[in-house]
Structure formats: structure tokens, C-alpha cells
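Below sits a lone chain in C-alpha cells, taken as the form predicted on its own.
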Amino acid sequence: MSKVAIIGAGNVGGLAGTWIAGLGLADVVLIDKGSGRAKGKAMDINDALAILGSDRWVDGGDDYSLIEDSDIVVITAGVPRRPGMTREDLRTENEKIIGDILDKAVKFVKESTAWIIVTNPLDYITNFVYQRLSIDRHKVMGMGVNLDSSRMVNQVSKILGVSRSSVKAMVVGQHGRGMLPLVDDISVNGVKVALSEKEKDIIRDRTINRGAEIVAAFGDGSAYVAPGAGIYQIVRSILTNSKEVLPLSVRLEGEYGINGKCLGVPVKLGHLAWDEVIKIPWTEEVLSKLRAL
């Protein structure tokens, strides 16, 4: 029976746990500092599971031994972005928080455990986790550009007046100021679409600025519904071994001419890991921008 640990029982972690358990993927453990929030959220989710008809269970607390035997550990904990802040502004504070979490968690994980990182700045923290744990790079991945890609799909759907499900669009690079929406590679029902330069600019700008737009609207919070869905998407793929291709932040060791960095690129997911980086013949302009990040 599969088990997923989510460290950070805020809005993102709680909603991800609801979907993972509610849709029958795995049992879930929520961990947060001070047992109250994680425990209360777990009880609330369990009551929802009775309504949803799921026989999975959610546990919660501040005791890291609860994560023992987890197939996947998801880290959503950290200081959230506030209005006027970039994701990169969070680096120092969140590296310290994540370092402490890893020290506590590593005693209870299996060698086969996969790690999904959600904490911002996403690419820096994903690389930090990889280096701190010193494990197979295929076991560590960051949820970020798959979320950005969903935001791009929304913009294309609006502009073209077509169903979201018919649109294929991808963001690569950083989950932050260095994201690269691939506006020249958008397709609808498998057919590449011809967009005007104005349309491309609108899609690019709205995709890049979507997170900041949401933070500004909330005033005292940030997006959590779509990030929760982004976590669910990765968990579903690696628990079912679907071989799905998703853009995720992974450690690159020569792929696309990049070494020693975590950046968002399309990867094929396997069982509790990503299997390989998918090589796409991008233009030299895209490759140059990617390598410069």
C-alpha cells in the first residue's frame, strides 16, 4: 500500500493530501511544526474521505517518525512569498528551514523514497535538497514549471477560444523570473498554431506574471489550489508508473549542455523517480536562454 508524506500542512500541503487520499492514490501523513495544524487538518480530510468514498487514511502531527516507510516525501514547508517579493528573495530563509527538515526526515526514509520539492525558490531548493541528501539525482524533482505550464495552457485556451484539454504548451527554465514559456511550440489537437507576435507576448507575460498577480490579489497569501494539483499530478504519475512526460525541475548533468543545476525541462517519469530528460530540438535562442540561467 502506497504512502505519501507531506511536510508542511498549510494550504498547499493540505489540498495536495486531500486529492492524493481522496482520489485513492495513497495514504497520507501530514507533518508540521506543532502538532495541532497537521493533526486537525488530517482529521478534517479523513471526514471528507468518508463523503468522497475513499478508504485511504490521513495522519498528522509533528513527529517525523510518522513518515517512516513513505514512498514519496513532498516538501511544501517554508516562508511564503509576500506582495512585492520574488521567489528568489526567499532563498536564505527557506534553505535554513529545509535543512532542518532534512536532518529530521532522513532518519526515517527508505533508499527508494522519491522527493518532490515545492518550496521556493524552487530550483535552488531542489538543488539544495539533492546536494544535502547526496542521493541518486533521479529521486529528487521540483514541482514548478508543470504549474507554470498549466497557467500557460489557460492563457492559450482563452485567447484561441478552445478547450484546455486540446492545448499543449510548455514552460521550461526556472520557476521564477527565469521561466521560458515556449510560445513558438504551442499546439491544439496536435497541430502547431500560428500566433501573432502580440498574442505570443500576451501569453508569455501573463504566464510569467501569473504567480505575482495571485499573490497581489490575495494580499496575505499565495496560490495553493493549482500547486496542490501540480503535486497530485506528479504523485499520480510516479505511483502508477505511467511514463508520463512532465516539465519538472531536475538536476542536469550534461543534458542540453547544462551541468550541476536544477532547471525545468521535460522528463519522463517512472516508478518513484524520473527516468530520463526528454531531448527536444529547441532553437539556439531557447537553448542559449536556458544555459544562461
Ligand code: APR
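When you see a residue number, it is the position in the sequence shown, counting from 1. Note that this is a predicted model, so its numbers are computed, not measured.
A second form of this protein, the form predicted together with the ligand, is not displayed here; the remarks below concern that form.
Participant: I need to confirm a contact call. Of I186, I116, A77, M152, which residue comes within 4.5 Å of the ligand in the predicted complex, counting heavy atoms only?
Facilitator: Selected residue: A77.
Participant: Tell me, out of I72, I101, L180, V156, which residue has a non-hydrogen atom within 4.5 angstroms of the ligand in the predicted complex.
Facilitator: The residue from I72, I101, L180, V156 that makes the contact is I101.
Participant: Given the ligand in the predicted complex, answer whether the residues V172, Q233 and R251 all have a heavy atom inside 4.5 Å of it.
Facilitator: Verified in the predicted complex; spot residues all out of contact, no.
Participant: Should A9 be classed as touching the ligand in the predicted complex when contacts are defined as heavy atoms within 4.5 Å?
Facilitator: Contact with the ligand, yes.
Participant: Give a yes/no on whether R37 approaches the ligand to within 4.5 Å in the predicted complex, heavy atoms considered.
Facilitator: Answer yes; at least one heavy atom of R37 falls within 4.5 Å of the ligand in the predicted complex.
Participant: I97 versus the ligand, in the predicted complex: is there a non-hydrogen atom within 4.5 Å?
Facilitator: Yes, contact at 4.5 Å.
Participant: Should K33 be counted as a contact of the ligand in the predicted complex, where contact means heavy atoms within 4.5 Å?
Facilitator: Yes - in the predicted complex, heavy atoms of K33 and the ligand come within 4.5 Å of each other.
Participant: Using a 4.5 Å heavy atom cut-off, which of 87-95, 107-115, 197-205, 159-167 contacts the ligand in the predicted complex?
Facilitator: Careful reading of the contacts points to 87-95.
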